[in-house]
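Just one chain is shown here, as structure tokens, and it is the form predicted alone.
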Amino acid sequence: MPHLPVDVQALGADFLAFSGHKVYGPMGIGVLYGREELLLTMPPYQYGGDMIEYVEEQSSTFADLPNKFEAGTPNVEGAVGLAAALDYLEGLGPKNILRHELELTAYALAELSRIPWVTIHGPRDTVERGPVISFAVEGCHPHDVATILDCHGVAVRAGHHCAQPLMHYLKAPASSRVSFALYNTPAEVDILIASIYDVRKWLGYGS
């Protein structure tokens, strides 16, 4: 959602959900899109104020969408913050954000490809890749890689990335993953590359 323009109508999506913090908004709030015809047939999952139309002793009717699914006191401050974040992204332009992120990704791929003991998982270009690169440093556990990079002020994620079958296929205990966003710069890619060289040095390799 923070990287690509998404058209739920063109996708033909029944449902689409994302977390607010993924689009630079507050934590604890998100968005759920659902097809109207599906939402109309679904019962509420939670009961409370404002989701009821009329109550009798043994029955009740529910409010129209979207109130039917919004019981109780809403997360007003979260909704305001999320709306502001979405307005900000829309103002920058999703296509502009994607272009910037893919330029960084292409630059990082080129620089990582120059290091003989770094393995890049996945395509070597941005044709079928978003602004994310999973990689391995020969002889270094991904958790060690992440810890040492963190000492240089570089934040990457290390682990299975919710893809353990892929890790089994790669015969890897885990992988390190760098993700780019609208606020990253080419200079930060340079710091990443320099820090990866230090990973090997810290772990006793000559280079």
Partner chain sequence: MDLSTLYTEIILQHSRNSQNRRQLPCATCKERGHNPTCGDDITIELQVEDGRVVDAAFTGQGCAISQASTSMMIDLVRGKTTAEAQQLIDMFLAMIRQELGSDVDLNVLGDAIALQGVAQMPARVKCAVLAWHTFQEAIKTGA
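Numbering follows the first chain given and starts at 1. Everything numeric in this text was worked out from a predicted model, so none of it was measured.
This protein has a second form, the form predicted together with its partner chain, left out of what is shown; the following refers to that one.
None of 56-64, 42-50, 25-33, 172-180 except one has non-hydrogen atoms within 4.5 angstroms of its partner chain in the predicted complex; the exception is 172-180. Using a 4.5 angstroms threshold between heavy atoms, Ala155 stays clear of its partner chain in the predicted complex. In the predicted complex, its partner chain lies within 4.5 Å of some heavy atom of Gly139.
For Cys151, a non-hydrogen atom is located within 4.5 Å of its partner chain in the predicted complex, even though that partner is not displayed. Its partner chain is not shown here, and in the predicted complex it never comes within 4.5 Å of any heavy atom of Glu70. By the 4.5 Å heavy atom rule, the three marked residues Asp7, Gln9 and Ser19 all fail to count as contacting its partner chain in the predicted complex. Residues from 150-168 that approach its partner chain in the predicted complex with a non-hydrogen atom closer than or equal to 4.5 Å are Cys151, His152, Gly159, His160, Gln164, in the order they occur in the chain.
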